[in-house]
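First comes one chain, alone, set out as structure tokens in the form predicted on its own.
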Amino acid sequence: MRKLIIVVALLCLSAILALPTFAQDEFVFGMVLVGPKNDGGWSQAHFEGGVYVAEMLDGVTFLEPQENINAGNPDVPFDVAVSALIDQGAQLVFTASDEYEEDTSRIAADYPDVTFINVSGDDAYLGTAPANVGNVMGTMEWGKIMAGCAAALQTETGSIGYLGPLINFETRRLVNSAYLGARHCYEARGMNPDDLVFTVTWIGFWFNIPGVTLDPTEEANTLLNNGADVLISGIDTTEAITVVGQRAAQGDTVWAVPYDFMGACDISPDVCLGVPYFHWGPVYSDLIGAAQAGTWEQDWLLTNPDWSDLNNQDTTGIGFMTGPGLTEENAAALESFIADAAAYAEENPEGIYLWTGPLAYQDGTVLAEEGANLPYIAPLGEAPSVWYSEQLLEGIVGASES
């Protein structure tokens, strides 16, 4: 019996020694990622946001993130991933996907002394989250409007394809935003926006899971084969620009607008019209700084572009890098459009706000009458809003429901 007690004690001591040790005043944070930290898209943008924080703030340690935590990886459930971070001392955990929204609120009740930030959810806005859970999301609607504009300025066939992930409020509002930007800039070319073909294909998840989702490579090729000469990506990974680069190398005149990550154009620069991207570093720094100082309070935060300097890595939450594939003339037109959008954001009446009526869903439901602005968010069921896009807009080809 004494031998057993000694063995157990030694095992416990070994486990304790195996855990990383930090200074008492060190603030430790972790991150649960739906994909790999080097996916060239959504997850990499979050990981680099964490690296930014560790470089900018003193007394902060960024744990190695828990990667590929999704339904296609049942070996590491969400709860296990979160517990692993907390066991290493995490005082704040970013759960970086809407996939984790419900589970974040559930598991947070078990760790009331840990702060949780779910990215893209709205439980804090709805008042349904525990007190230690907050939400943050970037207003990517602006980025997608820019993406749609770039696509419409460059298209020669008048047909744009959108490679979408799964279908929910977030993905519908981003498709709708891209469509509104495309219509506006197609008309600015002197073309009839009603003649623009805008087709969305949904693969079923944020990235390819063999046997579960549609293959994004195949779907990208199908959109091109059906007449689209510009692909806008809405998925976490880089298949759209990869396929377009391959087709261009074969002699096709095609372009792409990748997504999520600032460096996405590097995959195939000559066909890249630009990339709307999230930059999480500044807002993550603010959240961690508040938690470190003991002043964090539950909130539903939105990060916006820095309209005065769209790609300033210390201030912007949403950026847009114009790609080498955009012609000089079209790049100038896009820059002018962005300036008009910035004017609206700065409450200049001369600015452009594309969520203005007449707007209707695919089934004809009126969202906004002529001249009326659709609010960014309103309680679901009480009034229509951009945030709770229940369908795709009238004029888009594609499904609004799974």
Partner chain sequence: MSDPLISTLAGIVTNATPLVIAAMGETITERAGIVNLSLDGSIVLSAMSGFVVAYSAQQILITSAGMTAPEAAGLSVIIGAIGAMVVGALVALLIAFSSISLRQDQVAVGFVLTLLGTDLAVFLGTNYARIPGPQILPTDLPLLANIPVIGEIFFQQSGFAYVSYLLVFGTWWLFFRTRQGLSLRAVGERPEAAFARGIPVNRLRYLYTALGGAVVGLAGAAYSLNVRAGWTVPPAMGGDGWIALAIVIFGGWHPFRVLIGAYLFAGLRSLASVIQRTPGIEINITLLNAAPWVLMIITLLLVSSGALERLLQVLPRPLQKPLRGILRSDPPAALGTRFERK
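Positions refer to the first chain, counted from 1. From a predicted model like this one, the values you see are computed outputs, not experimental measurements.
The same protein also has a form predicted in complex with the partner chain, omitted here; what follows describes it.
- Contact annotation: Ile145 falls outside 4.5 Å of the partner chain in the model of the complex, judged by heavy atom distances.
- In the model of the complex, no heavy atom of Ala178 sits within 4.5 Å of the partner chain.
- Mapping the unseen interface onto this chain, Trp202 counts among the residues with a heavy atom inside 4.5 Å of the partner chain in the model of the complex.
- The shortest heavy atom separation between Arg247 and the partner chain in the model of the complex is within 4.5 Å.
- For a residue to qualify, one of its non-hydrogen atoms must sit within 4.5 Å of the partner chain in the model of the complex; none of Thr115, Asn135 and Asp299 qualifies.
- A single residue from the set Thr238, Ser159, Thr316, Asn330 has any heavy atom within 4.5 angstroms of the partner chain in the model of the complex; that residue is Thr238.
- Just one of Glu218, Asp286, Glu187, Asp306 comes within 4.5 Å of the partner chain in the model of the complex, counting any heavy atom, and that one is Glu218.
- Residues of just one listed stretch (308-316, 220-228, 270-278, 147-155) have heavy atoms within 4.5 Å of the partner chain in the model of the complex: 220-228.
- For the stretch 161-176, the set of residues having any non-hydrogen atom within 4.5 angstroms of the partner chain in the model of the complex comprises only Ile167.
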